[in-house]
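The chain that follows stands alone, in the form predicted on its own, written as structure tokens.
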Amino acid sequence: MSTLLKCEDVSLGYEGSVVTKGLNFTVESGDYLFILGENGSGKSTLIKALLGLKPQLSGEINFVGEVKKNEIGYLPQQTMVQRDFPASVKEIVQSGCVNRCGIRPFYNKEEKKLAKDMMERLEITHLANRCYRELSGGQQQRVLLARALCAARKMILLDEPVTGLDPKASNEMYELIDGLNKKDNITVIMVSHDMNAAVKYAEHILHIGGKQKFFGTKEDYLNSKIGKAFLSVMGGEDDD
């Protein structure tokens, strides 16, 4: 495995006010990293910093080797406005190819095929001509994930991807993402407060809150003081 991302002594915040500091971690090709922490701990801010949407206050964030920032798929938290977006599923998925177009004002055959392939991969081909706002929450998340995969070549970043979904749709989304990681070798970085999902799917865990509280393997996290405490607060481990 090769290193794709290095964060060294990164501090994050707003208008000079620090939210979290001392972040030191690496992400390897094919990794599945869960970013855990309480609300307001800086998880979403970190994702935005990794994407270059928000500058860090200090420290270094470097993509190295095989991945560039414009080759990363991003699934943000949905807003009510986005849920009501009046476009077709096919149009939204194809829009993930915009960065590939350059100055070209249309999608070429390769990009249309990519969008078609991603819809097939996420089992939403039958929804291609449906209006996005008419879909269920779980279907909408599949559409946005297909869009993110059109942008991604190596890595996807997901910010609380199951928020607002029922348990069945949440489980289906987690299984889809796990399949992309294991079968398609896509590196996954996911912000979540879902400890049970982290226990089931993560390879590495980064726990933040004011500062970096833990970075390492899932197994080491579950044996750590912070891991045991967070697990007990967030409701314990699934039976399976």
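These numbers were taken from a predicted model, which means no experiment stands behind them. Start at 1 and count along the sequence shown; that's the residue number.
Just so you know, the form predicted in complex with a small molecule exists too; it's not on screen, but the next bit is about it.
- With the partner removed from view, the residue among 65, 179, 40, 55 that has a non-hydrogen atom within 4.5 Å of the small molecule in the model of the complex turns out to be 40.
- Residue in contact with the small molecule in the model of the complex (any heavy atom within 4.5 Å), chosen from 196, 26, 44, 212: 44.
- The shortest heavy atom separation between residue 19 and the small molecule in the model of the complex is within 4.5 Å.
- Taking the partner from the other structure, the small molecule in the model of the complex has a heavy atom within 4.5 Å of a heavy atom of residue 77.
- None of 168 to 176, 56 to 64, 31 to 39, 199 to 207 except one has non-hydrogen atoms within 4.5 angstroms of the small molecule in the model of the complex; the exception is 31 to 39.
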